[in-house]
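The chain below stands alone, shown as structure tokens; this is the form predicted on its own.
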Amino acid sequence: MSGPLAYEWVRISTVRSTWALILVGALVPAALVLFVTWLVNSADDFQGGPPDGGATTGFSGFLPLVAAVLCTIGAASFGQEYRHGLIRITLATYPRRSTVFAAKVIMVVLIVILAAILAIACIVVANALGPAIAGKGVTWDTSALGPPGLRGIIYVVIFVLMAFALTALTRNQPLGIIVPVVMAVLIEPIIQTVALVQEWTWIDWVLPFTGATAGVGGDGLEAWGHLGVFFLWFLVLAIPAWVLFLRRDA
């Protein structure tokens, strides 16, 4: 396993887009948080503005944006090799396909964990600086240091792994990136709106991205249950992708 892991590290670390995506995934959401918190806290209190130290945005609401940026890293793990025909070199060097698949998963998870920690840290700092710039004082979102922060990291990792699994399944990197993003920001919100009208209270337990987002900001076993459903959806994609990777031609 050490050989394929080293191989994957060289591949992922020598692509400049990896580091660019990590920076974009951290700085763009943080910039938005800084702007929103500054704008809201700059509003006059008598015109609906928040009291001193109030109206912080938290970090969970911006995690879908972080994940949408970072999912390219997961999709590129297979997508770049299929696109340029490098998968043949990989499999010639390491013929055990299960080991190659596992090494890709592990390396993507490790990179995305670090990227998610950086992004959440930047969001928390921006969330504190916004009110401070507006003259309302620094307010730290300490929830990022507890279970919500851990669930946030898990959410981003599974989101990226969904893109990874879709790309491995379809051999199509753009599709692996677009489908999770469109599902998270367009399809599921529409379904959720219909569910609200129809009073389908169970819908959060069916929709992977909606339920996982609710799980990050939730509490107790229910919150972890939502992330568990999210992980099951990943397995629904990853297991067929792994089986096809073992059986079909490179």
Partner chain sequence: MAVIAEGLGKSFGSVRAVDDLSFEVPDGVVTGFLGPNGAGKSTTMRLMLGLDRGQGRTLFDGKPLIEHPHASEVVGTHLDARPFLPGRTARDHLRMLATDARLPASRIDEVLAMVGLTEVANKRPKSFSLGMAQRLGLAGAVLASPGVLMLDEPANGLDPQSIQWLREFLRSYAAEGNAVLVSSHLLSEMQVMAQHVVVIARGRLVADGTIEELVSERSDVLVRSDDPARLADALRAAGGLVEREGDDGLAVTGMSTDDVGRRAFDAGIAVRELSRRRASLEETFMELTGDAQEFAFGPTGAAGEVPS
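Worth saying up front: this structure is predicted, and the values here are computed from it rather than measured. Numbering follows the first chain given and starts at 1.
Same protein, other form: the form predicted in complex with its partner chain, not shown, and the subject of what follows.
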query: Contact segment among 114-122, 141-149, 155-163, 95-103, judged by heavy atoms lying within 4.5 Å of its partner chain in the model of the complex; finding: 95-103
query: Heavy atom within 4.5 Å of its partner chain in the model of the complex - the one residue of L175, L110, A132, I89 that qualifies; finding: I89
query: Touches its partner chain in the model of the complex: V24 (any heavy atom, 4.5 Å); finding: no
query: Distance check, T170 to its partner chain in the model of the complex, heavy atom within 4.5 Å; finding: no
query: Non-hydrogen atom contact V10 with its partner chain in the model of the complex at 4.5 angstroms; finding: yes
query: G85: touches its partner chain in the model of the complex, heavy atom cutoff 4.5 angstroms; finding: yes
query: Residues from 1-28 in contact with its partner chain (non-hydrogen atom within 4.5 Å) in the model of the complex; finding: S2, G3, A6, Y7, V10, R11, T14, V15, R16
